[in-house]
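Before any questions on binding or motion, here is one chain by itself as C-alpha cells, the form predicted on its own.
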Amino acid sequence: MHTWTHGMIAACLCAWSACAGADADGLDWSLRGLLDLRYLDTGGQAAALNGGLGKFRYSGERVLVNQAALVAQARLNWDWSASVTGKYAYAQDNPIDFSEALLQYRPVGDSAWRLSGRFGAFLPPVSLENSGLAWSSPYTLSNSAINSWIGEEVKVFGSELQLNYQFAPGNKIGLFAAGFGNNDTAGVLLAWRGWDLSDYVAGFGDSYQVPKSVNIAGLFPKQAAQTQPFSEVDNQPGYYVGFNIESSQRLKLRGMFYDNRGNPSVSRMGQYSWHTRFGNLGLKLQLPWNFELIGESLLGETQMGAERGGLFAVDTTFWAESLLLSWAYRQHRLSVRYDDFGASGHDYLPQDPTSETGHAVTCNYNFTFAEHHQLNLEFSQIDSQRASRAELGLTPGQNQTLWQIAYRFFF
C-alpha cells in the first residue's frame, strides 16, 4: 500500500473519529439516513455488475432491500467539518462498507473571494443530478449512464481545493482542482462491459467480476478475475481541474477535465493500470412553472497494455450524453431522461471488441408524503449494440426494459 493511500485512510479514520466523538466533545453533529426498498422486474442478459453484458444492475424479478445508508456529519469548528457515509447495498461485496469519508474546509467570512477544500475519499464533482443523501437522485431511481459509471468506478482518494468569487448574492464563479490516487483501474468497466444504468455507489472494499466475454487467461494473464476499482497500481497520482458558474440558483454550469495519469504498461497484484481521461460538461436550469432541465455530456479515452506501434492492447474512446426534464408540483415529481452513449475500440486485439452504441429512456414518478416517505414508479428501456456479446453466443443487439417500484424512507 502506497504513501498517499495511508494518508487517505488516515483522513477517513479522522473523519469517522470526529463524527463518532462529536457528541462527547459538545460539537454540532447530525446523523441522517436512507432506507430504499424495491420491487423490480427486468429481462435480458446477466446483470452488469456481475460479469454480464446486460445494461442494468439487476436481472429477473425480485423484491429486495436495495440500499440502507447512514451519513454522519460533525462541525469541528467554524471552518472545519467531517462527513462519513456508511452503507449496505444489494450485492455489495462487504455487508457494511463506506462510500465517502472526508474532512471539509469552508471558512466563514464576508469576503467576495472564498477558498474551500475537501480531503479524503469522495466522488468528483461530475453529477448535477445526484444531489440527494448518499449520492442519491431526487429525480430517478436509476442514474444516467454517465453518473452510473462515476458511482461505480471513479471515486478518488485525494485533496480538492476550490476558489470562488461571489459577485452578487447567489451568483458566483469558481475554479477547482484536485490531486488523487487509488483510481488506476477506472476504465475497466467502460472498455470490457460498456455503459449501463445503475444506482450503485461503490464502497471502499468493492470489486467487480470481469465480463465473461473477455478471454482473461489467453489475452491478459496478469489480470485477476475481479477488478478492484480503487487500486493504486503505478504509484503515480492523477488530477482533475474544472470551473463552475452559478446564478441565483437558476443556472449551474460546470465543466472539468479528469486524468488519472495511469501508466498502461504497469500491472500489480492482478490489476492493470489504465490511463483514463475525460472531459465533462453539465448544465442545470431552473425553468418557469417548476420545471428543471439538466444536460450532461462526457467524452474520454482509456488505454491499457504495452504500446506497440502507437497502439495499445486496449484503446477505447467513450462518450455519453443525457438530457433530463423534471416537473415538481407540491409533493409530486415527474421526470423524463434520455441517454445516448457509445464507445469505439482502436486497439491491436481485434478478438477483444470494445465498441458499442446505445440509447435509453427513463420515466419516473415519485410522491413524497409525511415529509420523510417517498414512493417511486419508474420505467427504463435500453436499446444497445455491442459486438463482444457474440463471444458469448448472444445477439449483439439487445433491447432491455426495467420496471421498478420503490419505497424510500429518509430521516
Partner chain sequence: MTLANGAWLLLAICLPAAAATVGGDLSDQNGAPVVNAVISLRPLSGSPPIAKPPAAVELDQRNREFIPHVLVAPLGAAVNFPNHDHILHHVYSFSPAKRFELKLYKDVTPPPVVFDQAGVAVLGCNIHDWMVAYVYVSDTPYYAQSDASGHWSIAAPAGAYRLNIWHPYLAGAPLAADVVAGDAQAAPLRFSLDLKTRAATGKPPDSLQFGEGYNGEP
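Fair warning: this is a prediction, and the values are worked out from it, not measured in the lab. Positions refer to the first chain, counted from 1.
Here the subject shifts to the form predicted together with its partner chain, a form of this protein not shown in this document.
For residue 131, a non-hydrogen atom is located within 4.5 Å of its partner chain in the predicted complex, even though that partner is not displayed. Contact check for residue 380: no non-hydrogen atom falls within 4.5 Å of its partner chain in the predicted complex. Shown alone here, residue 269 lies farther than 4.5 Å from its partner chain in the predicted complex, counting heavy atoms only.
Its partner chain in the predicted complex comes within 4.5 Å of no heavy atom belonging to residue 179. Comment: 372 to 380 is the region of 342 to 350, 355 to 363, 57 to 65, 372 to 380 lying near its partner chain in the predicted complex, near meaning a non-hydrogen atom within 4.5 Å. A heavy atom within 4.5 Å of its partner chain in the predicted complex is found for exactly one of 218, 95, 310, 169: 169. Between the options 300, 138, 229, 282, the residue in contact with its partner chain in the predicted complex by a heavy atom within 4.5 angstroms is 138. Contacts between stretch 66 to 82 and its partner chain, counted in the predicted complex as any heavy atom lying within 4.5 Å, involve 73, 75, 78, listed in sequence order.
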